[in-house]
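Coming up is one lone chain in structure tokens, specifically the form predicted on its own.
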């Protein structure tokens, strides 16, 4: 029983962590919390099931097309819901613009796809039963690959350093001649890939279901708050911890009480550390 709880907790936690990284990637480029992060995760599962299960495509082309479609949704998010807000004096309106786009994506998916959970294809055929089933370790592999890829991108490539520059100070980056708008679009496309990967890797666990978007939106935001906004490593640790705690609470108290336990811990952590467990306190220039 303990092994099953741990396996499910790590798998779900890795999915939450990847959605948290998706939030961070969009925020770092625009200082906007885009509430389409969970929808990107949901679409990763839906597109994967569409291309591989319904259309019968091979796994690799279907995987690439699913991530490309999610990257396109990320770019559309930047153009439709973020860019107009950045040019407005009322920049807090991103709450309405990104949330409105997220609801549109969810409702369109429900209409065109299904309102019922749909099966996701078995990807590799490693059905070991119990904790050895691939649906439990695929999200963990996706999480490790994502973090390793982002570390390489940011530390070893000029594009990654440009992403870091606009995340640190977009005004200074613009003054140095960096193409801020193109980099912001690229960051949103990358966020779409990461979110899509989260949904694709957890498709066998969560199925292809339109309602996954709202669930991932919330539980993917919790690791961001726990780990510190913009801190990808904190989001990974927070997501894994959240997943394990949630699954243990489901086993111990079950149902609604498990969600209450998650909310209680979330509130307590934010009361003690408002900037998150790994976030730095906000500084103010005088």
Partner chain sequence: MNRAILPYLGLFGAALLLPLFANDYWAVIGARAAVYWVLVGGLNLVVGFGGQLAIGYVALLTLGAYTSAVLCARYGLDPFLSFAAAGVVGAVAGVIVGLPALRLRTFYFAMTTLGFATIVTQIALAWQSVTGGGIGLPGPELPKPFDTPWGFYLFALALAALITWLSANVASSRFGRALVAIRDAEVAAEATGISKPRLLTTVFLFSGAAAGVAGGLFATLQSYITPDAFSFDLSVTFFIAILVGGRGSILGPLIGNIILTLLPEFAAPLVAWSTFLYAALLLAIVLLMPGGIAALLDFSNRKPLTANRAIVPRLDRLRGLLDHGTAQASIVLRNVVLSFGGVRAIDGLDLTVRPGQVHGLIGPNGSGKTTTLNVISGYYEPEQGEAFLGTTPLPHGAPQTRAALGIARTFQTPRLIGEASVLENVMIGATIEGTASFVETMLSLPRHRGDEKRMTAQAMDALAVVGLDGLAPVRADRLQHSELRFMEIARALMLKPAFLLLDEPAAGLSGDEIKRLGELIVAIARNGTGVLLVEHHADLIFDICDHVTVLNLGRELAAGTPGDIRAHKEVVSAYLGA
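All values derive from a computational prediction rather than experimental measurement. Positions refer to the first chain, counted from 1.
The following text describes the form predicted together with the partner chain, which does not appear among the structures shown.
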Joint contact, 15, 55 and 193 to the partner chain in the predicted complex, by non-hydrogen atom at 4.5 Å: no
Partner contact for residue 123 in the predicted complex: the partner chain, 4.5 angstroms, heavy atom: no
Non-hydrogen atom contact residue 218 with the partner chain in the predicted complex at 4.5 angstroms: yes
The partner chain contact in the predicted complex: residue 94, any heavy atom under 4.5 Å: yes
is_contact(residue 152, the partner chain) in the predicted complex, heavy atom dist at most 4.5 Å: no
Of 147, 207, 80, 140, the one that lies within 4.5 Å of the partner chain in the predicted complex (heavy atoms): 80
Stretch in contact, per heavy atom within 4.5 angstroms of the partner chain in the predicted complex, of 64-72, 231-239, 44-52, 30-38: 30-38
Within 103-118, the residues that have a heavy atom no more than 4.5 Å from the partner chain in the predicted complex: 103, 104, 107, 108, 111, 112
